[in-house]
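Heads up, the chain below is alone and in the form predicted on its own; it's given as structure tokens.
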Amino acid sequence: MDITGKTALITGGALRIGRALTLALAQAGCHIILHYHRSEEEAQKTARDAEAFGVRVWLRQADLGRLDDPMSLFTELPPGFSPVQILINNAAIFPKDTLLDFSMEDWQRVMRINLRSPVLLTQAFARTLPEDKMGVVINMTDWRTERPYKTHFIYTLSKGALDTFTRAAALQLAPRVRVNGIALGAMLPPEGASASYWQSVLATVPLKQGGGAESAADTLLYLLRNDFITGETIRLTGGAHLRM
């Protein structure tokens, strides 16, 4: 797909990897619908930085955990933004829990944001895509669905289900909509993590470095532009998945 001049909706696009994806889309000429939940100030800054590339950006605030009908995100748009032809399901939460101690409240919240939201957004995206247009969905996931965390139990389940959804949606929405995933590994140091902790993480990566936000952005653009890839999930792990 030639993404220049297309409109992309990205969830959680204000911070960290999401910000990098937003700016990569803008630099490639995409107009952006930038979703955020609580990070209003950061979203406004990312929007200004994206607009510096000469594209339009519209901010949309929403709690994805409470979003039961996302159709308005695709239909109630200012002039120049319709139709949305690119959807990036990036927003997610990452609570620490185990099988023995998770709560049903946490279960509901994580599953609604990490799984239910991408499913409903993809459904609304496909329903509103004009018949004469092609579309692309990218789901941001985690390679550790193959090698589960000892903690982050519900998160791991939600991302594993998202992996399956990526393949199922690719089959059901072809040929007009391609659906792919990007499974992130050690990209950026966790917020608040010490330097020693981050070095211990990188010691498990064969390439001995973090992926960085640019690697995720480059992979996003590759998947958007390659019209013969669907139902695939690219692992950005620096080779960590080879040590299973």
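Position 1 is the first residue in the sequence shown; the rest follow in order. Keep in mind that what you see is a predicted model, and the values were worked out from it rather than measured.
The form predicted together with a small molecule is left out here; the points below concern that form.
When the small molecule is considered in the predicted complex, only one residue from 121, 140, 136, 110 comes within 4.5 Å through any heavy atom, namely 140. Contact with the small molecule in the predicted complex, judged by any heavy atom within 4.5 Å, is made by just one of 23, 17, 234, 223: 17. The partner is not drawn, yet in the predicted complex one stretch among 123 to 131, 97 to 105, 69 to 77, 84 to 92 has residues with heavy atoms inside 4.5 Å of the small molecule: 84 to 92.
In the predicted complex, the small molecule sits beyond 4.5 Å of every heavy atom of residue 217.
Contact annotation: residue 29 falls outside 4.5 Å of the small molecule in the predicted complex, judged by heavy atom distances. Remark: residue 206 does not count among the residues lining the small molecule in the predicted complex, judged by a heavy atom distance of 4.5 Å or less. In the predicted complex, the small molecule sits beyond 4.5 Å of every heavy atom of residue 47.
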